[in-house]
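The chain below stands alone, shown as structure tokens; this is the form predicted on its own.
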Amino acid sequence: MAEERLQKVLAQAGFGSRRACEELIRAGRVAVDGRIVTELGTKVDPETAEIRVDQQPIRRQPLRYVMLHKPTGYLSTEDVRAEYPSWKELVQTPERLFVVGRLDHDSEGLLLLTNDGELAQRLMHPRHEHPKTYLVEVVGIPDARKIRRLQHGIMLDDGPTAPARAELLSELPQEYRRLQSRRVTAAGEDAARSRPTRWLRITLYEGRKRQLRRMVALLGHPALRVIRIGLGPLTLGDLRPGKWRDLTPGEVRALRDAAGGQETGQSSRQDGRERKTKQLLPGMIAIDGPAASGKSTIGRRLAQKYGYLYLDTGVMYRAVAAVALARGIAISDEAAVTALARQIEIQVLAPTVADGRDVTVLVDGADLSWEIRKPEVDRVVSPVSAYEGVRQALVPQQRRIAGQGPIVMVGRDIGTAVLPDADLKIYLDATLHERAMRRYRERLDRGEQADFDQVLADLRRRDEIDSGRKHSPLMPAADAIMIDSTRLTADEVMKLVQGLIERWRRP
């Protein structure tokens, strides 16, 4: 018989996925013809070689595929130290089966068990993004904006989630209504009594620890129940909790078709040569958020790293406010401020002087780069930016700049008003106290006198105006990725945003 890789032979004998079998080899637990083997890629003839794991000879098993409806309170792992029972107490077969795609002990539903290591490897490998569908009962009723956030991705503490399919259900699908009557935990019952609950159907294409529960909790709708009803082409159907069955031949074929015979590993090869991929990037990146949330810092760094144009639209409103103050125009005179915005020519350039400025801002040829950063401008820029006529005068200029090439545009209504079709939308936020501290330190670093309480009051007032203005109020776009930078450094925020951009890279 032809030789095969040792980890493949072990997987076919029911010792787990190919990756798990590789760990057995590395750990020195596998012997071939009396010799310990630790080198991956070793080939053996399974018909003639004597192969032992932990000194026990392996035996090839017939391949078996089992679907279990795991109830809550059971583990999908085999940790003997755990306080919960394992799925093995529900399924006893002569074959050594292992789990494909885990479920938390407090989650329930479809669990696939098999001893087909090669198939399991393809189904579990993140590269192949096989869908996993869940019914999730949550506290409260998520609105359309929150559903869209699930669909576009949510920033968790371990990075952004991939886009998911999500929908709010008016009622459970007919085949799963029998599951609705099961009682939830005492804590869940208390929450359910105090607020209404609704069911969501969510399909994920990745798998992280307690990912679904973290996603809905971040939206303010903690999960009471999580039921997996689909894994790739498989559906739970009417299988009762605690019961199991062998897959039909048709389901096994569907699983193999889904796996597609795709190669796994760090690279794939075609025609004996490594395939090359073309790296694509989003053409327009919109970054919104309140003052001092870190938008300018991150936007500028992104533009430098990826070769984008960079525009902080806030400097244009600051320029209008600064000129209005200099010319003695009352900020409360909307008509006069709007007329000024239509008359002056504003240019935003890369820094032309090495004096620490972020950008160079010219108004009718005059350099106002530092004038626009003065505290008196801080206090009046929000009313200026709230005027509809001022926005109407500046938005067309902003869109024209965006049309010149790939751009990172930063502001307070970029994703909602200026560039509603931006490829990637990010909303940066931080607590008011943290943002005030950042602005306070910036002024001290520039050698200016500053009072923290006054900075805090100015920012609070500015937030109220920005969020309450009639035209283009400050708010995250429905499809924006939210990032709270309160406890993050600029480098940490940058790393998260780069992760979002990497999602745009396509083969």
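What you see is a predicted model, and the numbers here were worked out from it, not measured in a lab. Just count from 1 along the sequence shown to find any residue number.
There is also a form predicted in complex with a small molecule; it is not shown, and the following applies to it.
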Could you work out which of N115, S107, T161, S382 is the residue within 4.5 angstroms of the small molecule in the model of the complex, going by heavy atoms?
-> S382
Let me know the one among A291, A422, V138, M215 whose heavy atoms come within 4.5 Å of the small molecule in the model of the complex, would you?
-> A291
Per-stretch contact check against the small molecule in the model of the complex, the hit in 443-451, 64-72, 464-472, 32-40 (non-hydrogen atom, 4.5 angstroms) = 464-472
Joint contact, Y317, R373 and R412 to the small molecule in the model of the complex, by non-hydrogen atom at 4.5 Å | yes
Using 4.5 Å between non-hydrogen atoms, is T313 touching the small molecule in the model of the complex?
-> yes
With heavy atoms only and a cut-off of 4.5 Å, decide whether R391 touches the small molecule in the model of the complex.
-> yes
Should R225 be counted as a contact of the small molecule in the model of the complex, where contact means heavy atoms within 4.5 Å?
-> no
Should K295 be counted as a contact of the small molecule in the model of the complex, where contact means heavy atoms within 4.5 Å?
-> yes
